[in-house]
Every structure is written in structure tokens, then in C-alpha cells.
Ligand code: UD1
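In C-alpha cells, the next block holds one chain alone, the form predicted on its own.
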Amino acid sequence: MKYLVTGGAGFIGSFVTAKLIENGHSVTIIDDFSSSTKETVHPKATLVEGSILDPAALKKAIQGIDGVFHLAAEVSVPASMKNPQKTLQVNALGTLRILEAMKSQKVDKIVYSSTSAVYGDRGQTPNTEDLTPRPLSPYAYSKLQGEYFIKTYTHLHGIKSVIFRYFNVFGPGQKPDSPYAAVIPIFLDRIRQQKPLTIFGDGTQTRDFIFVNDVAQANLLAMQSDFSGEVINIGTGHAISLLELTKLLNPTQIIHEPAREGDILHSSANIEKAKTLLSFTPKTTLQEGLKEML
């Protein structure tokens, strides 16, 4: 089969691309390298350099494709607070343009990477997919808008779809040098430099960390599945506080800064739906994943 991976040079996209190629599929990548580099492009993938907002680049990338893994996005909550228009344009309008291209080229299935941020803050109870979304940031809203576009095109045009709500994905290749980078690569980079770790807030906020290779496997299972129109949590079902995370890393010092606007306090996944529909169970523990990154 031949698949398109949007954002295929990015952190999660590069793992999805590699796993597809390992399984004998052909892959085309579309990426504008706004948050990645050409060094992460798989040597056996076909590259279309450009934005998902560029109709010409998207048309070129999607020709002859059997299915789409849509991972291209503006992914930072703080950045979305500073520039909500850009985030909405890429994440919402970009998704709509992909769906229009799929309809035009008669591509019948999409696996969409959304986010657990759409749930907002609900305490420490694991989130189930039937909860009413309460997005707290332009980023979360933009990803939710993408979900709604996909559901609409599934209903109106018969495009098969699976929507994933990722929890906190981590693994090798995450960049620590951005002010909006994920917490684990930042912490590990500070540990290597023997510098203090900075926690925004008191550190009791909890996260459900899932290893990137497990996320890539879930994507393949979704594309191979027979169902459509489902929203599925992708996490481990186990949450850990940032203070507990730091204990695993044994830092020299911890510094606390004020909590950031738009950040969620508690986030954990109920993954029963992923287990039932995809036979998906995460294989890599947090401790095992951290060892691969050290």
C-alpha cells in the first residue's frame, strides 16, 4: 500500500514513516520543516517539501495514495496563546484542505493525530472518549476543530476515519532546545548538562506518558482496522506527577516557576477503547523509554 504521512519528518511522523516502511509499505511525506529537519526524512520515503496549506504541494503529495496519516500541526500550547491565528490556520484549515484533497483524489481513509488537551482539566479521573470537550487553549480548540471537520467528511463523503487523542508522547528524537519543547527531553537535556530542572507550578500536575514507538504501532493498527468514525485515546492508562518524574531522573536541583497559562493540571487516559477496537496495549514503560533516551 502507498500512504501519505503529513509531518512525516517530525517527531511522531518519522516513527510512523519508519514503521510503515518496515512493514513493506510505500510512503510519501509532506513537510515544510517548520519544526523538523531534512535529516529526519526516511531515506526510502518520497519527500514533497511544502505546507499542507499549499494546494499545489498537497495535490502532488496525495496522488496515488491509499490512505493518510495526518500528523502535521502546530503543537505548542504556549505558542498558540501567543499566535492563535497561525495555530488555527495550520491545524484546522490545514486539516480541511487535506480532506478536500482526499475527496478530490478519492482517498478513502485518514488516521488523525489529535490531542488529550481537548478534554481540558477534569481532575485525576482517567478521561474517556465520551466526555464533552473543554479546550483551554487555541491549540486544543484547533485540534478539536480538525476532529469536527473529519467527522463531517466521514458523514457527508464517506471518508473513513480514526481520530486519536494522544496523551504525552515521548521518545528519542524529541528536541529539547525549543522553549515549547516537551518536558521529558528538556529534563534529560538539563540532567546531561548538570543544570537544575524547572517545573512550572508546584509539580503535582500529572501526565500520562506514552512511548513514541507504541504510538506509531497504534497508527498502523488504526489504518488496518475495519471501523470508522471513532475517537480513541492513546496513552498508557497510568499517570505520574512531574515531581515523581524528577525522582526517576535524580536531578541536582529543582526550580519552580509560575504555572503557564493554558497548561492542564491533570491528564490521564482511559484506554479500554483502544484495547477493544485495536487490540492495542502499550509495550514500553516510562522507565524503559527513559533508558532509550539517555
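When you see a residue number, it is the position in the sequence shown, counting from 1. Small disclaimer: the values here were computed from a predicted structure and weren't measured.
What follows is about the form predicted together with the named molecule, which we do not show.
Contact annotation for residue 166: at least one heavy atom lies within 4.5 Å of the named molecule in the model of the complex. Interface residue remark: residue 263 is counted as part of the site for the named molecule in the model of the complex, having a heavy atom within 4.5 Å. Residue contact check for residue 181: one or more of its heavy atoms lie within 4.5 Å of the named molecule in the model of the complex. Proximity of residue 186 to the named molecule in the model of the complex falls within the 4.5 Å heavy atom cutoff. The single contact residue among 87, 219, 95, 115, judged by any heavy atom lying within 4.5 Å of the named molecule in the model of the complex, is 115. Proximity to the named molecule in the model of the complex, defined as a heavy atom within 4.5 Å, singles out one entry of 145, 105, 213, 205, which is 205. Of the candidate stretches 166-174, 220-228, 96-104, 145-153, only 166-174 has residues with heavy atoms within 4.5 Å of the named molecule in the model of the complex. Counting a residue when any of its non-hydrogen atoms is within 4.5 Å of the named molecule in the model of the complex, the one hit in 131-150 is 139.
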